[in-house]
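What follows is a single chain, given as C-alpha cells, in the form predicted alone.
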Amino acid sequence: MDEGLLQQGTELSQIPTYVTAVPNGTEKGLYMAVDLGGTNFRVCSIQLHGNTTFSLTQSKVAIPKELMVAKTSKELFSFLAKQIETFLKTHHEEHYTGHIRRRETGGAVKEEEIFNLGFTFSFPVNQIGINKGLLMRWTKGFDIADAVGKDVCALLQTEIDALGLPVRVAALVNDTVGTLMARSYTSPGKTGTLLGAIFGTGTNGAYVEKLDKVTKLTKSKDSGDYDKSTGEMIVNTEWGSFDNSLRTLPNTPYDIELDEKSVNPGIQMFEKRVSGMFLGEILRLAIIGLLKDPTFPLFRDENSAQNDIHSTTQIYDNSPIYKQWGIDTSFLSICAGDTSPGHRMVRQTLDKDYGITAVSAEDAEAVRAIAAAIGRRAARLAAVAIAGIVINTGRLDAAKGTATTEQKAGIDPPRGDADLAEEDVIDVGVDGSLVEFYPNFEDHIREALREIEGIGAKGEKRIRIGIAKDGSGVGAALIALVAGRVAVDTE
C-alpha cells in the first residue's frame, strides 16, 4: 500500500480519485449515474432526500458480447449513450422533451436543466481529475484496444453530445469509491466509512487516506485540481492485482490453468482467487481434474448403480462442465446453502443445469466439499484485503474514548458510553453478489480477521460490515454532487 502511494507502476496501483470528502447524509438533489460494471450497464436517477435516505429509479441492460470486444470504442460508447437517451425518454420525459424543444428552437440551455452524471467505470483507470481518467487496461472479458490510454469520460460525453442530451459527465467513479460514498451517506452513526469494497464479478477496494501520505499526487506536477481542505482523499487500491508475482498468494493446479486460459494471463491474480467471475471456473477445473484421475471415482463409482437412486450416474457429452466458464458461480452458493437430506438441491442442479444425471449423495457431498473450500478461501483472502486497510490506516490504534477537540475546549459536553462505542466503530461498506448471496461469506471473513495479527478478536468486534445496496449508483450521484459544487466554485 505504502509503495503504491509513493510512486506509479507498483503492484497495488493506489489510484488517487480526487474525491476528498465523504457525505454525511444531509445532501439533497436529483442526479444521474451510469454504471459500466462488467456484464451489465445500469442507468439511474437518484433523488437524495437529505436525511440519509434516497429514491432510486433505474434500468439495466446486458452488454452485447460483441461490444465487449468491438473494433472501436465508439461502438461501445454510442451504445451506452443510447441507453441514457432511452432512460431519459422513459423516466424524465418532460425534462427531456423540454430540453430538445428549446435546442431545436435555438433557445439557451439553462444550467439547472443539465443533469450532473456520475460515471461508474469499474476498470483500472489512471485518474487525472474528478471527471478525467485514462483507461489503463480492460478486465472482466472486455478487450477494445483503441480505448486503452483514452479518457473514458470524454468518450462517453462525445456520444452524449452527438445525441443532444442534457447530461454532463461530472465525475468518474470507480464502483468501490461509489460503494464507500453510498455507505457513508446511509450508515448509522457519524464515524464515517473507512472502506468501500466490492466482492462480486470482480473485487476491489477504495478507502479514505490521509492526503499527505498520497505523495505521488501531492508532489506531481501533472495532477489536476482538488480540494485540499479536508486533508483526506479517497484512494482506489485496485487490489485485484495484488501479488501478481505470486510471492504469497495460494496457488493450485486449477488456479494455474484458469490463469493460463484467461484473457489476461499473469495479472489480476488476487481477483482470480476471490471474485465471482472465477470461482465457478475453479470448481469446474477441479471437477475435471478429478474426472481425469482414474484413482478417484467421482461420478463413475462402479457401485453407482447401487446408489440411493438405483441408477448409474451419467455425464452427457454436451455437459457445460466440459466448456470453459461452464459452471456459474451461483452454483457455489447452492452448494453452500444446501442442507436438504442427501443434498437434493445440489443433485437436482447438477442434473438440470449441468447434464450430470443420477448423482449419488456421496458424489454431491464431494462437489459440496470442493465448492466450500473455494468459497471459504475467497472469503479469507477478502479478509486479508480488509485487514490490510484497517491496519495500515491506523484506525485500530485510535485511542478508545478520547475526547474530541470540542470537548477539550469545553464546548461539547462529555458523551455517554454508547457514543464512545460508536466512535470506536470502523465502518466498512460492501457490495456485490458474493457478500449478498454466498451463504456465510461474512462469517468466513470474520473468522479470518480474528486470526490476523494486528486485528484479533478485539479488533474484529470493532469492524462493522454493512451492505451498501445500489452503492455504485447512489455513490456516483453523490460524487457528481461533490464534483458539481467544485465545478461551480471554480467557474
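The first residue of the shown sequence is 1; numbering continues from there. Fair warning: this is a prediction, and the values are worked out from it, not measured in the lab.
There is another form of the same protein, the form predicted in complex with a small molecule; it is not shown, and what comes next is about it.
- By the criterion of a heavy atom within 4.5 Å, residue 375 is excluded from the residues contacting the small molecule in the predicted bound form.
- Mapping the unseen interface onto this chain, residue 39 counts among the residues with a heavy atom inside 4.5 Å of the small molecule in the predicted bound form.
- Within this chain, residue 434 lines the site of the small molecule in the predicted bound form, having a heavy atom no more than 4.5 Å away.
- Although the partner is absent from this view, residue 329 contacts the small molecule in the predicted bound form, with a non-hydrogen atom inside 4.5 angstroms.
- Look at 26-34, 437-445, 456-464, 48-56: in the predicted bound form, residues with non-hydrogen atoms within 4.5 angstroms of the small molecule sit in 437-445.
- 201 is the sole member of 393, 186, 201, 349 with a non-hydrogen atom lying within 4.5 angstroms of the small molecule in the predicted bound form.
- Of the residues 233, 389, 80, 277, just one reaches the small molecule in the predicted bound form with a heavy atom at 4.5 Å or closer; this is 277.
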